[in-house]
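Before any questions on binding or motion, here is one chain by itself as structure tokens, the form predicted alone.
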């Protein structure tokens, strides 16, 4: 029996809450399954019947357009029934607790919950309290984890670089507040990437980040030398002018990705970003729209990866 709350007694995926602690074969199974879904949008009928009759509830306690939409598209392409809950206008605003909300929706024969919440651990809490036949996917919780974003990033890297075992990957920007960065680091190290770097001002780094198995750089030029993959992070504008950073202009000067800085990386390096981008702050438009950018492809692949995760969970 597994001690991992994401796995069932047979060691199969029961919930997708974080990339931390998931074995490489499970991560690779999601990536391999996603390959079969990439071509679905090209078909005349953009649907497969794998989740027909299943009810999937999008529980977004925190605003999100892109993630909620891609989960909705993914579920509908699998022929599932999708219910989007606007939590701000639901019973939550009348004082109903998180678990009360989930229990009421479970009584409506929910098969899967997609959960986004500003509190770290919210999806884990729900996963501990639902019936065994209900699955939970964490669509982002606080500063903690965003596993499907990390998995679509891994899928994109594998598409362009084929093999994880000879890569140097740099994660650049606001590591401190980023649930995406944590999920990326765990996925990259589990999949065998030999060198993962983080490049960030000291004020935007978590304490003891090196314990995650990464090399820390504060200088962009040194950190980008000979890199194969650049994972840029969104710098939350609301934090830009706080005590952690002097100004947006100064951040861009030292840590914004320009063509000049990109030239330090390998000539065939790819540039990625989870979105939404702050152009002119963490990335220059010439790079975001340039030939080394695979940012729009990430969005496309994200739907296939979320289809894969839902299909695997529903089958376990």
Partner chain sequence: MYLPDAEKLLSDLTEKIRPDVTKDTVLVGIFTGGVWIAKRLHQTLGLALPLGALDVSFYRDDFSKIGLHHQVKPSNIPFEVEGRHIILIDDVLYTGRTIRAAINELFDYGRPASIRLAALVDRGGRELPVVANYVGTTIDLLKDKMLALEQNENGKLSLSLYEKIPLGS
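Positions refer to the first chain, counted from 1. Note that the coordinates shown come from a computational prediction; the quantities given were computed from them, not determined experimentally.
Heads up, the form predicted in complex with its partner chain isn't pictured, but that's what we're talking about next.
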item	value
In the predicted complex, the one of 270, 51, 59, 56 near its partner chain [non-hydrogen atom within 4.5 angstroms]	51
Options 258-266, 62-70, 287-295, 40-48; stretch whose heavy atom lies within 4.5 Å of its partner chain in the predicted complex	40-48
Its partner chain contact in the predicted complex: residue 35, any heavy atom under 4.5 Å	yes
4.5 Å heavy atom contact, residue 311 to its partner chain in the predicted complex	yes
